[in-house]
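What follows is a single chain, given as structure tokens, in the form predicted alone.
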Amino acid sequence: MMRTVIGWIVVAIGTVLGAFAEAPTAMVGEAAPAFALPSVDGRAYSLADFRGSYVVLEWTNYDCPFVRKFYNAGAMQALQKELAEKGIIWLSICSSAPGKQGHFTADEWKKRIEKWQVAAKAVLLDADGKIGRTYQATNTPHMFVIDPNGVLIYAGALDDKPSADPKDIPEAKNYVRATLEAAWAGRPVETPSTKAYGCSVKY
């Protein structure tokens, strides 16, 4: 009987470890993991919908001071609009769990989006954190750039000034813009990954 129980335990552990081993993880230079998420407006969006376009993913939390640094200054919205005019898809993703900072009701989301005039293609909700963990999103903001072939070409911070002070924005190097400019010109991305800074994602 004891051997049978131990055998079941070993099989169960092996199954769990196998599931983790098979779970896709976002890696720069490799295909970005597929996902489908609901948006604040009730529509569903998948990464596959935008194959053939550059896609920017922004992990966000509107109550995080590092996120507010960019939105209060209008810098994030300006970048969203600038890139949208060039045909780039910007998807904001919130992985805050229910009861945690940054998790809002649908009505509250709409108020926040209107207040800051968010110009993302969509704000997507990842309340169970599955997609955030797949992409190893650790902070808000945490940025990812995916090329038209579906390959992840950048992951990390929005810029090189790890502060919550809007005064640092004008002098900062914007890694997302630099990544896209290099890709458009057919050059290698100079800095394909950096350490994200900001608030921790509230899984």
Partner chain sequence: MIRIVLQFSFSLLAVLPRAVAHAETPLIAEARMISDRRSIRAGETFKIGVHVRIPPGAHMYWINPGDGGLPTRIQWQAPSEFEIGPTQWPIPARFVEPPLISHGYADEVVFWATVRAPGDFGPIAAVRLTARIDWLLCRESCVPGGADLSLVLRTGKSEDAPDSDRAILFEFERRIPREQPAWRFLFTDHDDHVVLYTVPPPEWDAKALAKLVFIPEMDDLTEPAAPQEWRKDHGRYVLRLPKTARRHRVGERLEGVLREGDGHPRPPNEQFMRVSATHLEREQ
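Computed from a prediction, not measured in an experiment: that's the story for all the values here. Residue numbers count along the first chain shown, from 1.
Beyond the structure shown, there is the form predicted together with the partner chain, which is absent from this document and is the topic of what follows.
Looking at R187, you'd find every heavy atom of it more than 4.5 angstroms from the partner chain in the model of the complex.
The closest heavy atom approach of G87 to the partner chain in the model of the complex falls outside 4.5 Å. A residue is said to contact a partner when one of its heavy atoms sits within 4.5 Å of a partner heavy atom; S53 fails this definition for the partner chain in the model of the complex, lying far away. Interface membership of A164, defined by any non-hydrogen atom within 4.5 Å of the partner chain in the model of the complex, is confirmed. Checking 170 to 178, 39 to 47, 145 to 153, 60 to 68 against the partner chain in the model of the complex, the stretch whose residues place heavy atoms within 4.5 Å of it is 60 to 68.
Heavy atoms closer than or equal to 4.5 Å to the partner chain in the model of the complex belong, across 171 to 203, to the residues S193, T194, K195, Y197, G198, C199, S200, V201, K202, Y203, ordered by sequence position.
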